[in-house]
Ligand SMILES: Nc1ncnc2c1ncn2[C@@H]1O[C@H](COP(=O)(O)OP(=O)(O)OP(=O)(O)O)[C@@H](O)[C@H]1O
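Presented as structure tokens, the chain that follows is alone, the form predicted alone.
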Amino acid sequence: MAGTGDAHMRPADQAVLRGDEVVVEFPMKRGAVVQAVSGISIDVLPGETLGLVGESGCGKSTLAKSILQLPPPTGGSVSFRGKELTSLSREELRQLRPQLQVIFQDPISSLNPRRRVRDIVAESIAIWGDEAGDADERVAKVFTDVGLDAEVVGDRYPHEFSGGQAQRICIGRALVPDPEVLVCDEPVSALDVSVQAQILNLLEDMKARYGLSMLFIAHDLGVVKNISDRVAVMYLGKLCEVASPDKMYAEPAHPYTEALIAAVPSAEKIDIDAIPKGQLPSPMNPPSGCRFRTRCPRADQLCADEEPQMRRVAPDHFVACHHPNEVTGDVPVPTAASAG
């Protein structure tokens, strides 16, 4: 049975990917340890996209890499299709790698500058074997699926492409092994705004075409709003809130989520008062109790003394806060008049 901090978790047998109480620590000088991820639990159901959001330095990418066992977490467990990954041998984990693929933040630097892009995309076929048919046909199909012509781009090198084109190549490389789960580590943050929507639409298309489940990481709630089925907000190694993007935008329960929404650029005036003051505390010496309390206008002694646990505040809406906003769970349906 899940603990109080795991109230947002679904039954384990429903998840394709699951992390339970994941902890990631890094050794520092003189025996000190920094805890980048502090007991986070997340799950992704088949065909679902989980958006993981938080400001830079909160541990999002570290959590994603630990789920992929790059390297394994310091504590907790990670399972794929019910199989515990942290206890697998190196060879057993290697056999599962095709099912768990990743797209990185900077597409240019994640491609080998000395290899032609056709060889980069085809590399996984050489590593894991060509059991699904002709390698050239598979590579050509993937290029077509991501909107590139293999005959035109195949013999070129990564530096000859724009950021958006390079990210399409990275997506193609990840799709060649026919994975079940795609981890997207801020895949659009290094791209021009005009290109971001194209890549997000491409990922949605590939999700449907390849039957993918996705863990999508971003620091901007606006980016994950349309691509995610569920959103988890992270702050300084902990989860703050979990809900559908519509519910989270309409009625954010945690003050940090409210601040992230206020920081999303829009045609409306930004609520400056909602943006948290101060800097993200150091993970080497996090605040006691609630980690957001040093920047929260509602913080009191309870917030300093006791760590808030994840609890349900509305259907499919969970928050870790002693003083959350009141939510109804009802999401307003946009009308033609309000949309205009």
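Everything quoted here is computed from the prediction, not taken from an experiment. All residue numbers refer to positions in the sequence shown, first residue = 1.
The protein also exists as the form predicted in complex with the named molecule; that form is not presented, and the subsequent description refers to it.
Peer 1: Look at the candidate spot formed by Glu55, Lys60 and Pro283 and say whether the named molecule comes within 4.5 Å of a heavy atom in all three of them in the model of the complex.
Peer 2: Yes.
Peer 1: Just one of Val313, Ala36, Leu68, Leu50 has a heavy atom within 4.5 angstroms of the named molecule in the model of the complex, so which one?
Peer 2: The residue in contact is Ala36.
Peer 1: Just checking whether Ala32 would be counted as a contact of the named molecule in the model of the complex - the rule being heavy atoms within 4.5 angstroms.
Peer 2: Answer no; every heavy atom of Ala32 is more than 4.5 Å from the named molecule in the model of the complex.
Peer 1: Quick check on Glu186: any heavy atom within 4.5 Å of the named molecule in the model of the complex?
Peer 2: Contact check for Glu186: yes, within 4.5 Å of the named molecule in the model of the complex.
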